[in-house]
Structure formats: C-alpha cells, structure tokens
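Given next, in structure tokens, is a single chain: the form predicted alone.
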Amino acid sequence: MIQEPLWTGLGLVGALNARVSGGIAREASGVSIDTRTLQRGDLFLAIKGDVHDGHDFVRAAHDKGAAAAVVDEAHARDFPDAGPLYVVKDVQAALERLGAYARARSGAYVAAITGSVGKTSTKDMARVVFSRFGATHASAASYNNHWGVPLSLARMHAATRYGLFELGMNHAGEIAALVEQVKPHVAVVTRVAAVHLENFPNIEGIADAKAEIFGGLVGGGVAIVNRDDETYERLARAAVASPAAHVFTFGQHESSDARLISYEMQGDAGVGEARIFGRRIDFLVHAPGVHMAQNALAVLLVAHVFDLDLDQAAAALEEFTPSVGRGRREQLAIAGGEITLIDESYNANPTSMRAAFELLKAAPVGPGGRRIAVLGDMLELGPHSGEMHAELGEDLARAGVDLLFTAGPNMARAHYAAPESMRAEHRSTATELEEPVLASLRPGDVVMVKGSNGSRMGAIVKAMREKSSSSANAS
C-alpha cells in the first residue's frame, strides 16, 4: 500500500495554478467532485455539472472533513470562513491541469482502454491482474468522460506502478481529447458495435472515433485490436498510422497474436486455452462468455507488453468477478427454493444483447425452472432503433428463452417479434414491470435482466434482491 499523501497542500498550488484563500491544506489524501462519496481528507473540486453546481456544496464538503476546496474566482468571496480554498479561474480546467500534472509526475506503465462493449470489464480485469505485480491504479466505475478521466488521473499516486484508464465517447473527437491527457503506453480497443448511432452515420464512423485512442500513444507505444471485429481492417490502418511501434491482435482468428484456441463454460466460470505469440496459456475467469474470454486475452496482451509473467497473470484472472450490472451471477432465495439472477442491467446494445442471450442459453436451469429474459430499451441507436430491437426476436428464439418480459417503447418491437408462446408481459417502464416479473418467479428459474442504464432495469434487479431477502428472513 502506498503510504505517502496523494497531494501535498503546497504541491496543489502549482498543479492547480491556484491562489490560496483561508489557509493552505497540509495534504490531500483523495480527490472528489461529489460530497455524497467524499472522504475526510479529500480535495473537493466544485465542478459545474449539467444539473448541479459544485459551489453549492462547498460548505458541505468542509463539514464532511474535506482538506480543501477548489472554487472559481466568481464564487471565492461566498466562503469567507468555510475553510482552505484553492481559487482558480475555471474549476474544470483546474481539474484537467491536476490530472495532467499527475500523469507528468508518474513513472507508471499506463494503458488506455476503449470500445463499444467490454471496456469496463477489461479495465477491471486488468486491475485485478496487475495488482498482483505492483501498486495499480484504475479508473473507478465508468469514469471515462471529460470529468471522469482527469479525475481518475488526479487520483493516481506518484508511486503507482501500473495505471489503467477507461475512455468513453458518444461523439467524434472526444476520445482524442481524453487520450491526450492519459498519454498511454498501450491503447486497447475491445470491440466496435452499433452504439451511439444517433450521433454517427454508421459503424465505420464509430470505429474511427474509437481509433482516436491510438493517436495519443507515446512514441514506441503499442496498439491492441480485436482481430475478430468487423471493423478490424479500419482500426488496424488507424493504428499503423499512429505513433504505435507495434500493433498486436487478440481473438479467435488464426492470425491473432493472442488467439483463443478453445473455450468452455463451467458453471459460473469460463475456461479457455490460448496461444500468446505461440505460447500456450490456460486461464479461468469467473465471468462466463466468449466475449469475457476475449477481454481476458486483451489483458494478457497488455501484460505481455509490460513484460509480466504470463502464467502469473493468467492465474490472477481467477480473482476477477464482474461488477454490479455487468454479468454478475447470484443465487436468490424465493419461496420454495432458489433462482439464478444474471445481472446485465447496466448497459445494452445489439452486440451485448446477443452475447447475453448466449449466456442465458448456456445457463443450467433447476428442476421445473425456465429461462427468463427481462429486457429494457437499448438507447442511442438512432433512426433504425426500432428495427434493431425487432431483430432481437429471432435471437431470443434461438437462445431458447421460455418467458420474455419487456419495458420501454423500443423494446415493444422485440416483444412482438418474439414467438407468441414466449411473450409474458410488456410495460412502458421498468417500474411497471417489477410486479409481473416478481409474481412469475419460481424455483429453478434463471433470470437475465438487461437494458441500457437509462432504461432503469437495475430497479428490477433491486426488487428481486429485496424479495429474496424477505423470503430468506421469513424462512
């Protein structure tokens, strides 16, 4: 564990390019932009968001024990006795300066990861693996946008050995700006899929936006690309034209540098055999699905670039478990027995939906149990969204789904495209769907819940867990 402070009070003056008011902090042990999660000793930055202005929470931050707050000149006089302040012209720009300073002082090996699907899971896998080899810092949750990336950088200790950063986008040019801050040694694109199509003419446009990550590589860096991706050739050309000294690939394609030779599911885990530059590597990941196995290959390629022991890296993969809403499986008690929940409620697009259906198809049901899909709208798909939802009907049939529950105006297309015998209930919102889903459950069922985060399908997962808790307490 790193013992020295994240930031000294004096060091923050130069890093933020700030003047000091109300005294100077001795040190800051963390960096926060949200008083709900702020810890004692954190530096609080009063970012102005789409809904709230952080300046409204400066006093609350100090009351919770913040080491100091970063405020702009326009608000500095509003807090004459609140506590130590670092006063800047613009707080967002100051956050970006702080992140840039953290990156410049760091001697860490840095990897940046993007993709339409799989970037968060790949980053989380990498965090688990690299933590076995040294002090590792990774973006929290999905902190991958214009404030999340500099915030993640600002939280990186100077003594960090490995830095892992997730980059997201929904418009062209966004990743280019983010990767310039991260300056990675390795840049990974997990997979390109039909996401944010309302902002792009086609999937090729999405690939070009994802490929912006290669432009921020340090000289001599490495680009890593999914060889099985339908836009591979486009991504590879962009990587070759970038500062990358090498372009490595992963996937099932025979020419992949990290090739998945075989894969099988064993309960809640996936077991794979790979060849990484000709060397056999066996691995197990407690996150079933070929897509998760491919994410693991990407992580092992990064480990190879960082000259880590691949056998140890593969062994460390066993410690990974999916985060909430990203494929986590759990057994829930209900009256008379248990059900299996597959929580995929955080995000969705056509590609990840089909991968989730394959997981549901392979999941063993208990005696008398059924495979149940509970689906919410896939968002930001543009003018062809309705068609994309309707096309899921055939996939659901091939997956052997017994019951289908749907929520949202777009998912109604999937509901009516599915076989009539499969259709259970459709509702306008996830909240309205809770009651019929809960009423339908019986022992042995396997239930997968999936939808874009904005569809609020997590509320159904929460309701299922609460029902399970009540059943357990009553027994």
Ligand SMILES: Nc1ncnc2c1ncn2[C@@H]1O[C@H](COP(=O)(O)OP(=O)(O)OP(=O)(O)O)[C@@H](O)[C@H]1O
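Residue numbers here begin at 1 and follow the sequence given. Here the structure is a predicted model, which is why all the values come from computation and not from measurement.
One more form of this protein, predicted in complex with the ligand, exists but is not displayed; see below.
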Is there any non-hydrogen atom of F306 lying within 4.5 Å of the ligand in the model of the complex? no
Is there a heavy atom of S121 no more than 4.5 Å from a heavy atom of the ligand in the model of the complex? yes
My question is simply whether Y346 lines the interface with the ligand in the model of the complex - judged by any non-hydrogen atom within 4.5 Å. yes
Within a 4.5 Å heavy atom cut-off, is R227 in contact with the ligand in the model of the complex? no
Within 4.5 Å of the ligand in the model of the complex, heavy atom basis, the matching stretch of 288-296, 308-316, 149-157, 274-282 is 288-296
Which residue, N144, Q181, S242, Q92, has a heavy atom that falls within 4.5 Å of the ligand in the model of the complex? N144
Using a 4.5 Å heavy atom cut-off, which residue among S352, T231, S256, T340 comes into contact with the ligand in the model of the complex? S352
Going through 160-181 from first to last, which residues have a non-hydrogen atom within 4.5 Å of the ligand in the model of the complex? E166
